[in-house]
Structures are given as structure tokens and as C-alpha cells.
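Consider the single chain below, provided in C-alpha cells and representing the form predicted alone.
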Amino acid sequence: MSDLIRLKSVSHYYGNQCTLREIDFSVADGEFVCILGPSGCGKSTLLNILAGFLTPSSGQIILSARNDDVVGHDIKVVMQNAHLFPWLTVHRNVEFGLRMRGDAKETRDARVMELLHLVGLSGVESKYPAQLSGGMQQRVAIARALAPDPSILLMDEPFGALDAQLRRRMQAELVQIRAVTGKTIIFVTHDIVESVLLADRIVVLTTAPGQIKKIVSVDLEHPRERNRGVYDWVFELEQLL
């Protein structure tokens, strides 16, 4: 697999305070990478830099699409809160990016129905966000992010606000969505078990200022269950944090 994104010596400062120091790693096309670390280590700052919301104080981020074009805005973000437009229906929320891009109505409608089926929400397209549970809202947010077919999906603790049972269900569904779409996903979490269940590789950050302590490749087949194999990896990662 070729690298889709590469970080070279990326550092970031808020004033005189260093939040990230000399971050170096690459993410291959189609890879699922988790950024794991304690609260305050710069995980979300790193994701905001990758999204283009923040500019690194030093270093370089190299993005290259499958056709060797610079992807630029070909990145979508899913946050901890769904941030849906409350005045729009589910259908209109999911198609929002496609409408802004100028896609034809027929194309938009087909894409929305395809994605709602993928995230298990067929039949709710006319509902409003307030009529949905937290888990359903997050599925809509994932569908909206996937709609323009981005090269990279960034996820900042997207299941952090959900209860434990729903979080487990959403983790399993995300694995299925990734298997179907083949998307490159960079996923921020402080939950060690979650990182082992989801990731091909885990980038472990130190406490602030965030530096890479180790990059761990998880060689377990999907779907992964909460069994001894997973918890052996969890134990290894606990020794790093």
C-alpha cells in the first residue's frame, strides 16, 4: 500500500507551550490508524492539524491521493458530538456536502440512500436530529462525512459521549463500514481496548508535550472480540501509558 498521508517532524506550540513535538509517521491508503494517549497529550491538536484547522508550528504534512493529486480538502471529520444541522432532515444533512458541491439531485438522492443503508438507518431519512438517539445521530454524521467520498476520514473520539453498550455496537459497525468502503481512517481515542479492537496500527503518544512513544501494529483479524488475544495487546499498551 502506498502512503496517503505523511507527517514529517510536526510540532505545535500554543504561545510558549509545546503541545506536540517532532511527530513523524505515515498512513497508508486504506489503513486504520488510532492515535492513543492520555488526556492533554495533544491527540485532538494533531487531528486538527491533519484536518487543516490548525497550522503546525514546524514540520510538514504531505498528502497525496490515489491519482497523485494533492487531496487538500479531500478530508472529512467526525467529532465526538454529531454536530448535525437541527433544522435539516437526516436526508438533507447527509446530502449537504453533495449539494454544496453541485451534484445533481438524482445523484445526491442515490448516494444518501446508499449511505443510510450502509450505516443501518434506512427509513429515517425524513426524521430530524432531535428525533434520533445519540447513536443514530452519530451514524448520520458518519454518513454525511462519507457522502463526498473523501480519501481520509478523521474521527475525534466519536463514540466518547455514548454509553458502554452503544459504544461497543458503534465500534463493530465502524469496522463493517471500513470493510465495505476501504476508507483510510485516523481515529483519536484514549480508550486502549477501543484502539485494539479497531486499528491496524496504534500511534502511542506520551504525556504533554505529545511525542511518539511507540507505533504498534495489531496483527489480529477482524472482527475482533473482547477475548484473551485482544487483552494481551491491551496489557502491552498499558505498559506504554
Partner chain sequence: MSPATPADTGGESEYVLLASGEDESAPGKKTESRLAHYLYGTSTILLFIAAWYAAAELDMINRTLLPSPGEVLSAFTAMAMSGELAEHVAISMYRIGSGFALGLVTAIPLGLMIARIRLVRAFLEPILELIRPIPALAFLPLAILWFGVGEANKLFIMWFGTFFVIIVSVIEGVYNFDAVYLRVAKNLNANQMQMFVYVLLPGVVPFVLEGMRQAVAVSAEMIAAQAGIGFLILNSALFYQTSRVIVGIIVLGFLGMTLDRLLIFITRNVFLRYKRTDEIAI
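This one's a predicted model, so the numbers in the text were calculated from it and none came from an experiment. Numbering follows the first chain given and starts at 1.
As for the form predicted together with the partner chain, it is not shown, yet the points below apply to it.
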4.5 Å heavy atom contact with the partner chain in the model of the complex for all of I215, Y231 and W233:
no
Scan A51, A28, I61, V193 and let me know which has any heavy atom within 4.5 Å of the partner chain in the model of the complex.
A51
Q137 within 4.5 Å of the partner chain in the model of the complex, heavy atoms
yes
4.5 Å heavy atom contact, L166 and the partner chain in the model of the complex:
yes
Is A161 close enough to the partner chain in the model of the complex to count, meaning some heavy atom within 4.5 Å?
yes
Report whether the minimum heavy atom distance between H91 and the partner chain in the model of the complex is within 4.5 Å.
no
Are there residues in 181-201 with a heavy atom within 4.5 Å of the partner chain in the model of the complex, and which are they, in order?
none
